[in-house]
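Quick heads-up: it's one chain on its own, the form predicted on its own, in structure tokens.
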């Protein structure tokens, strides 16, 4: 019987396997940020341990950093303490740090791929659930807890139960204005936020093959939002073209050797998955969420489900979500006024996202009732924005570019949406209070966000 892509990479990284227990898995690349790593480093100090393979770990602050005036000391004492602690840990343990002000600083899941640290066939971990982003390269990438961060720092290995495998096929061509974000929101709405629990998902099909590398990262990023351990896409020419020439990518003979291996990284024709699902990609429309988890999504021109369409066990949480959001079952939300727009995060803070947003707002003006936070995922993205003149398009349309960071994704910094205000956000989660206490988040693509930004209301991007 053939092997899945997941099986091939997992099996190549097994150090030992406990019968009816976890696998000791070797980790190729470890990313750390300021929020989930401090206790791990303290654990090493208490045990008198060094980092086993420091060249395999890369650090960058992203969650707590401000997106204005980064050249000044961080004003918030908690944020400053966490960022300063990351700097000290990098110094004490001899680790590579892309700190505040460094040209490579940015969201950890943006800077890994753009610098060539993320490569096909790798095992990649970080103390952050959206580590699944890196699976877009044909890698096994997943988030880990703080105790596991310590385990990887100490041994470059981790104990993990082997997940089941799932393949999700998106067949057909995408409609106009439908993006990878819409594929993801559609998929989570169909499967629910627990529909892939216990699985590692491989995405396949015509629509997936036609996605750019950055769109693939968006899709894999959101795998975790349906309960999956991670998501991955088999590497192909799109992948190879993206990786080639990046700073930490293999060069010369090493490139040719790596490429030969990477071309073997695909599921065999006779591979059997524990579960397989197929969606008609051509039927998917621009999506938006209406509730308080990423699975509460619908076509932007659709209607919120009625109570009788909701599973009986979920009705109370549905009604609570409607109360929190200020919506009613069975109503349309297209045309409703919004207050904030956020473009950014590890989900949609890459250069292609800014290209899409700029193309949609070019020649138009930001609505007066909208506060817009446009936040690049890294300084490299910011550099590309300026090199391509995207910043000029945005300024002419009444927008302001902020400095890189996680920003309004998770309200751990100064970019918080006020209570009761509606934010159309390109981030990954819309939980109660996720973007600020009482904030009301509607997840959407950069195109839907752009349409909302210039009209001041929830608008189908196909109508602008």
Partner chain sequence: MKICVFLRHLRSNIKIMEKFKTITSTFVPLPIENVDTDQIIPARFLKATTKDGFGNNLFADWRYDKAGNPITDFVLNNPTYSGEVLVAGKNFGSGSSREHAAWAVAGYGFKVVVSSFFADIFKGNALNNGVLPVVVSESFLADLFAEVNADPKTTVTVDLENQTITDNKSGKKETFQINAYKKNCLLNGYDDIDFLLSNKDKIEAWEKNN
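Positions refer to the first chain, counted from 1. Predicted, not measured: the structure shown is a model, and the values here were computed from it.
Just so it is clear, the following notes concern the form predicted together with its partner chain, a form of the same protein that is not shown.
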Requested in this report: Heavy atom within 4.5 Å of its partner chain in the model of the complex: which of 85, 115, 169, 371 fits that? Just give me the one.
Outcome: 85
Report task. Would you kindly say which of 259, 78, 359, 283 lies with a heavy atom within 4.5 Å of its partner chain in the model of the complex? Result -> 78
Query - Contact label in the model of the complex: residue 234 to its partner chain, heavy atom within 4.5 Å - result: no
Requested in this report: Answer for residue 99 alone: is it within 4.5 Å of its partner chain in the model of the complex, judged on heavy atom distances?
Outcome: no
Query raised in the report: Would residue 154 count as a contact of its partner chain in the model of the complex, using a 4.5 angstroms cut-off between non-hydrogen atoms?
Result: yes
Requested in this report: Report whether the minimum heavy atom distance between residue 150 and its partner chain in the model of the complex is within 4.5 Å.
Outcome: yes
Query - Options 212-220, 267-275, 312-320, 179-187; stretch whose heavy atom lies within 4.5 Å of its partner chain in the model of the complex - result: 312-320
Requested in this report: Tell me whether 66, 239 and 384, taken together, all sit within 4.5 Å of its partner chain in the model of the complex, counting heavy atoms only.
Outcome: no
Report summary line: Restricting to 32-68, the residues within 4.5 Å of its partner chain in the model of the complex through any heavy atom are 35, 36, 38, 39, 42, 47, 49, 52, 53, 64
